[in-house]
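What follows is one chain in structure tokens, specifically the form predicted alone.
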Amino acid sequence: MKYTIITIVLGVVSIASIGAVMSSSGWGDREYEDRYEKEYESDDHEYGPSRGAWLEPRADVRPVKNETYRTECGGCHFAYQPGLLPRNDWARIMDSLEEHYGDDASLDEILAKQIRGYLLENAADRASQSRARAFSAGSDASDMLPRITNTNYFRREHYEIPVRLVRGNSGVGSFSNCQACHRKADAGIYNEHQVVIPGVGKWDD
């Protein structure tokens, strides 16, 4: 019994000593920061621990970096990130530019090749972020052109939002108008806790 008590006391003293060394060397802080960075960099961890709760969430879909794509496609509508659809869907869209959702969006061969390559290389099924990978199943548009709003993941994330707050809202108009409610959509941030619906306010389901 006496031996057991001595063993426990020595163990506590040893742990306390190690803690003191870690604290004095700053190692403990570095370990915490390393763990925090790993958690914060995960797009599933939207805000990080309470210590970093005031920090901005990071992009959970890789932002658009290709200026050719941003200029040519973003000139008519929001430049949707490649990570919002899989390769097959982007290929179908690029193969049908002359009938692009009711418009003729034809491009010359060089531009089309550049944009196609960028979209396919950075598509949802090539993404590292889990929110982008959730879009990799693609759209259930069957014989129609793929739509981000027709993906199962998009529907699951938006089904609780009343249609009147979107289509009946002059400040939004359509579920495809991402940046109207996701104010930082251009940066690839689709954090559900930062959704603000025009004329309605903050939405957090």
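One-based numbering along the sequence shown. From a predicted model like this one, the values you see are computed outputs, not experimental measurements.
The same protein also has a form predicted in complex with a small molecule, omitted here; what follows describes it.
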item: Triple contact flag L97, H100 and L119 to the small molecule in the predicted bound form, non-hydrogen atom at 4.5 angstroms; value: yes
item: Contact label in the predicted bound form: E67 to the small molecule, heavy atom within 4.5 Å; value: no
item: Contact flag, D186 vs the small molecule in the predicted bound form, heavy atom cut 4.5 Å; value: no
item: Partner proximity in the predicted bound form: R58 to the small molecule, non-hydrogen atom cutoff 4.5 Å; value: no
item: E157: touches the small molecule in the predicted bound form, heavy atom cutoff 4.5 angstroms; value: yes
